[in-house]
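This text opens with one protein chain seen in two forms, each one given by itself as structure tokens under the names structure 1 and structure 2.
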Structure 1
Amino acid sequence: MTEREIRARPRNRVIVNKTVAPYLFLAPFMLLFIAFLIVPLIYAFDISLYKKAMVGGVKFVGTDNYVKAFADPKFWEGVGVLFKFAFLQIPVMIGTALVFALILDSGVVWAKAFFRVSFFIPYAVPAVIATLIWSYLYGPAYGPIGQTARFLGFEAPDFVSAKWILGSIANIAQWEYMGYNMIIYFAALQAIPTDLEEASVVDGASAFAFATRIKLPMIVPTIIVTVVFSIIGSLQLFTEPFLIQNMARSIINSNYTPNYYAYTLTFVGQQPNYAAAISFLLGGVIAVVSYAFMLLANRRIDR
């Protein structure tokens, strides 16, 4: 068969309707989303409406678990810890991420790719591994920080004491997620037209003024999104206190955070129904706080 004959042969083409194509591309994600998020949520909500009775097995109790959870002081104590953690960790993380992103975007730093990867690597480390690494560093007896302090003639700092424990946990989260936010800010800064910088130079604006009065205001929507994600992540704190608990048993109790409380209720107290209600109530708190922040931020932008 000649080349002309091959070209002349009709080819089998699969023609997909343009209105159907997007749904076909979304189908794999939607299937996983439904299977691993929607279905577990429905199941968790279903079991939260029941209670294991001493006699008669599991019985339907409606919203009794939610009423009990709403009045549970242990839950609200954990929520208080989360708010302290968020107020301590989020401003520092967002601030340092912005500073490093502005430095990398300024053009005065060599090997930008190296620094971007270096800052981002901690985000690729699983939270469990990161917490174990920092737990070793925090160790007053065996940690390198404590050993160095004693070698220099100082008292070894107790990073897992009641005074420092929340800051120590916040430091782990800062190390994990600062680079992630920095990359997002750096990408947003790179999208700013260079004409604006040239115009600011002509007008006599300094590099600091250009960064604070032009660059930062232009990426405010990006900052708002990262802060919302940070709020959601902070209010779900679990891994770090769960693993550090062995070093601070007198400080981190079973209800140190709501997620820790739900975990203890499920696997220690054998109360999965009440734990599910605790989890949904925490989800409600997260939704209210996130929405309130976005509403406040959007109002400030509109002014």
Structure 2
Amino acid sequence: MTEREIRARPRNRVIVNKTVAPYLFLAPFMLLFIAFLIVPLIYAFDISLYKKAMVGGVKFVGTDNYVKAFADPKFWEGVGVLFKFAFLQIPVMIGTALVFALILDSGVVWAKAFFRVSFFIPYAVPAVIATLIWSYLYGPAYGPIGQTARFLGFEAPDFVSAKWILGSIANIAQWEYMGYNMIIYFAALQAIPTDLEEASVVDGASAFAFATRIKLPMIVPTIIVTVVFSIIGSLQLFTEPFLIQNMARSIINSNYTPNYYAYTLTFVGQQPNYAAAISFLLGGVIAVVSYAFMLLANRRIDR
């Protein structure tokens, strides 16, 4: 057969060329993205500009809801709680995750794979169920922590009291997400080429110095990303207080966190317009804090 014959053969024409292809591949995701992200956001923004009047249905009020939200102490109290929570929880979680990742990566310990997997297991447990389990553990009468304390002859603190509640919630987050962060750091550490390690041995560095002075700085970009995600997650706190509220009605009120507040406003208070404004304002706070952190972190790196 000659090439002339192939040329004469009817070919299956390439209909989707490389100009059209990316849009085709993106279409399913982007259409859903628009339908379930962009459109609801626009809708939420739209309704946040209206208000349900006592008489005569809804009316346009412009930025009134935002002005009101901006001056709403219930919103800012919630933001305050979140800030306290984030400052308490994120450093501890990231710190332990880093230390454990470095220990596992250095290979000093026994049963590395066992620790790696078992620390990650809580991530598979739904936050709802983790909160349920911990709220049982916190129980003053039947909780084993209280029982143990009594057995040892002292009284365990009331974990759901005003003084301890934030720590109790932070503990749940620590239990759930430490392993997730640890695994990410571990993978980043493992990706560092081994010739670097050999070079530092030649330089006479100790394993500890190598881990802290060479390996740790190399995964700083990964750490920054995980911290940003933790900030975003923390500021959206909802499930844990929403469920623990059952045990601590007097302490966790319906505006304990901004997300909780927006939820209550919508489904209890019948004020979806105002709730939308609260959500947007929270989105703004999240964006500002995340951005500020990244700016700060990057400036540190540049120096």
Partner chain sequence: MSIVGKTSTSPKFRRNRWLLTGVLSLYFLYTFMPLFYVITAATKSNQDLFSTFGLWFAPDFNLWDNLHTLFTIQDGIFLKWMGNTAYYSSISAAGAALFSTFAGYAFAKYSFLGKKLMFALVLGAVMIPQTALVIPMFLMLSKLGLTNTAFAVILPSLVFPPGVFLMRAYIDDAISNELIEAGRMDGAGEVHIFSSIAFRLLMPGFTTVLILAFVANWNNYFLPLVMLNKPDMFPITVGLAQLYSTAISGTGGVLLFTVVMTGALVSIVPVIAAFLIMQRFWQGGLGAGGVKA
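Only the largest set of C-alpha atoms that superpose within 1.5 Å between the two forms is called the rigid core. Residue 1 is the first residue of structure 1, and the numbers go on in sequence order from there. Given the structure is predicted, the values throughout are model-derived calculations rather than measurements.
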Checklist entry - Of structures 1 and 2, which one represents the form predicted on its own? => result 1
Item to check | Gly269 C-alpha relocation of at least 2 Å between the two structures, rigid core basis | outcome: no
Item to check | Core fit, then Leu24 C-alpha moves 2 Å or more between the two structures | outcome: yes
Checklist entry - Taking the rigid core as the frame, does Phe83 move its C-alpha by 2 Å or more between the two structures? => result no
Item to check | Core-aligned CA shift between the two structures for Phe151 (Å) | outcome: 2.9
